[in-house]
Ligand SMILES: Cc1ncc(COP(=O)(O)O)c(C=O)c1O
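Let's start with one chain on its own, the form predicted alone, as structure tokens.
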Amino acid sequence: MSSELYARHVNDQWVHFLNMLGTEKDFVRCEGARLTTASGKQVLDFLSGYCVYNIGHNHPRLIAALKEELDRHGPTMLQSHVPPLAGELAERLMQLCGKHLTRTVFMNTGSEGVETAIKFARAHTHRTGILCAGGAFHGMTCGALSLMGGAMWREDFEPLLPGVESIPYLDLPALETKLATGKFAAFIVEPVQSESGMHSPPAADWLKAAEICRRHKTLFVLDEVQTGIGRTGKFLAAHHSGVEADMIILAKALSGGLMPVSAILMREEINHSVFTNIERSMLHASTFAENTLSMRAGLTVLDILEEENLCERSRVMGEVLRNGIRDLARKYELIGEVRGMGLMNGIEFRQPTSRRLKLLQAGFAKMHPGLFGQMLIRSLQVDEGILTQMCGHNFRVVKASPPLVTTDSEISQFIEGLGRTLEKVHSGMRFWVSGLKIAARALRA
């Protein structure tokens, strides 16, 4: 009944898509890295809600903290007082992200964080241009969408924000050329491009990029919505290179998966470019931003991250995961490369060399370029009880990004399940026949 109501009143095409793949599940309980269906089947989460559940699903300490906050019957979002927890969370984030980022603006989502960065950068520099990187994913609102390529995402919503231009991902000569024009307020970029296939340039390139931005008085803004809060093995992905940004955008995992919250940390002078006097004290705000439950969620997530040593756990478990997948790559020709940092990883599937696999893959690609990847995702979930997804811009890369609380046995379960799936792909016809049936259902839909 719930799927029928969702299809009738929310988004029927999403229901059709899940039913076509045969992956729709009625999840009734989620704990740590484990999801349980109504039938009692357990599914291992290797997607983490696109890097939301760093502390795992429904962490008991976070639930207890929110219950305690509710039991206080205190103010949540009066809009006419100073929310004390917002100041406390801002100070904690400054200590973790960089003491030069003395001001924080709280919003609700990563997209709102990007919108905030655009507004504050323009106000501070009195320039209108925004520079971004090809292959990026910054969100679905019109401003954030303006920083992304790809006709599918953009075409029905154009014209988008004017003055936005892109360069190849951290192409330093292109960055120098663009910023030399003096028209760009900010260069907004992800330290790891997850949706294009888990790419990240060398540490030295990030330091050079920041220096180029400083020289041309363009703000250097890092979108750490997916990479922050310990996901890559350090609190920020920027900490791997030691680069200092003028603004950092955080969201997703800061929420613990229970209360939406995003945070945009910035230098003091950037903040004062917007909040210049009393009359402008409400010039940028959001109804639910700074609400008490979201602030408590953020503070509790930071406590859990520190006390359970999840940044270091992410680093160690990530190495175990990548080594296990590389062992599989020596056996199965379709695995090309596994790349990532911490527990933010992508498994790239390359073009096969054997004649049989070449023909099969070519046939699938003609039906739809993402069909092979979706069949891998389906096989992992239906046959192995493992939830993951392809990268949004790159159908050849499958994500492996479990919660940071994932155990050694769960890493082993993923590697073993992936191995059995690859054996089906390489040696039998069942995998390929299932794909043809799905393609046929799609054509009839």
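Since this is a predicted model, take the numbers as computed values, not measurements. The first residue of the shown sequence is 1; numbering continues from there.
Separately, the form predicted together with this ligand exists; it is not shown, and the next lines address it.
- Listed residues 139, 257, 129, 340 were compared with this ligand in the predicted bound form; 139 is the one with a heavy atom within 4.5 Å.
- Listed residues 109, 300, 200, 104 were compared with this ligand in the predicted bound form; 109 is the one with a heavy atom within 4.5 Å.
- Heavy atoms within 4.5 Å of this ligand in the predicted bound form map, among the stretches 320-328, 286-294, 202-210, 223-231, onto 223-231 alone.
- Of all the residues from 232-267, the single one having a non-hydrogen atom no more than 4.5 Å from this ligand in the predicted bound form is 252.
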